[in-house]
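Presented below, as structure tokens, is a lone chain in the form predicted on its own.
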Amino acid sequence: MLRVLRDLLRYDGRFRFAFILLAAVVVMFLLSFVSPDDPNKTFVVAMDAPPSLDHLFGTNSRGQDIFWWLTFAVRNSLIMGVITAVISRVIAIIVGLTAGYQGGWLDRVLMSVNDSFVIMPLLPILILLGFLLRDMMNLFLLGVILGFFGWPYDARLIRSQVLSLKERSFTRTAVYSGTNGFWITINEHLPFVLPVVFATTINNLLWSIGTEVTLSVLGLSDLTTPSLGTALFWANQHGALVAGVWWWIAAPALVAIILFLGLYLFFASINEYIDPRTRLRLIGA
């Protein structure tokens, strides 16, 4: 792992840039644990103060320091994204490994379910669930819901890899030796698909946070909990641009751009490194 990190930092400029962006996000995440402000309290500082040394991102019309409030927003958004990624990865791995190795009717059934999730109009469904579950919606529940919708593309990708691995000589040797199919998929196939799982996890994390921002801006998530989406929602509700408090929208938008750009470049670099052909070109071998 350290060797991979060393190679990427040394040879890939995109990864170095992504590393800097994500390091800034991680710093904000950690600062939330030592924040002097309670994000649930309002009117604790002067309202609508522009960015300064005392308030790096300024203050909002609710009397909150935007920088310290955003540290909690980043933490909550990332935790929600991790919940989504973990649930969707577990489902994708189970479905992809099972369908690819077992084949036959089980493969057809699992891929039919998979394709059904692929063609679902996801945003209207999430909006409907947001209305139905409005009273009990929180970031944890939203992460779970997104996790149950975020696996089909990656399950099909894992299945395609397992279909190839199933024809390899080591798989046939394991079968002839009497090894159970479950242990073949766990011990022989899973290590080969883990790099793909890791790369798609980053992409899934980016998708889940972006979806949370979309739903929060529409007022369909837990608006009492700080997140990147609720930051934009409350700024819009208070007419920040009309009132001239542009930094209330600019600050969360900037943090979101840094997070999304960092995750995208990180995903692109890892995805290129996983492929042996592009990795050899990358490191100049």
Partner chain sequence: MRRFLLRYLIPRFLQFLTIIFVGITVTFIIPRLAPTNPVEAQISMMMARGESLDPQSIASMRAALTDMYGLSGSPLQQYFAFWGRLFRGDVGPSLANFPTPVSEMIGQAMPYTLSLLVTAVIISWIFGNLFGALSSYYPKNKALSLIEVLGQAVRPIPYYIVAIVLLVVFAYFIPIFPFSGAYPVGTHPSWSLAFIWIYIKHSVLPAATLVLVGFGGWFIGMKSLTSNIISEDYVVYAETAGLKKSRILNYYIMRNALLPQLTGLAMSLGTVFSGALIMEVVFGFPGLGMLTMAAVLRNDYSMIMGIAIYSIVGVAVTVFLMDLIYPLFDPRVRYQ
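Because the structure is predicted, anything quoted here is derived from the model rather than measured. Residue numbers count along the first chain shown, from 1.
The protein also exists as the form predicted in complex with its partner chain; that form is not presented, and the subsequent description refers to it.
- Interface residue remark: Leu241 is counted as part of the site for its partner chain in the predicted complex, having a heavy atom within 4.5 Å.
- When contacts are judged by a 4.5 Å heavy atom cut-off, Pro124 counts as touching its partner chain in the predicted complex.
- Remark: Val27 does not count among the residues lining its partner chain in the predicted complex, judged by a heavy atom distance of 4.5 Å or less.
- The closest heavy atom approach of Val86 to its partner chain in the predicted complex falls outside 4.5 Å.
- Just one of Val44, Leu31, Ala49, Ala253 comes within 4.5 Å of its partner chain in the predicted complex, counting any heavy atom, and that one is Ala253.
- Looking at 63-71, 35-43, 49-57, 231-239, the stretch with residues near its partner chain in the predicted complex, meaning non-hydrogen atoms within 4.5 angstroms, turns out to be 231-239.
- Not one of Leu21, Val197 and Leu223 is positioned with any heavy atom within 4.5 Å of its partner chain in the predicted complex.
- Residues Asn236, Leu241, Gly244, Trp246, Ile249, Ala253, Ala256, Ile257, Phe260, Leu261, Tyr264 are the members of 234-264 with a non-hydrogen atom no more than 4.5 angstroms from its partner chain in the predicted complex.
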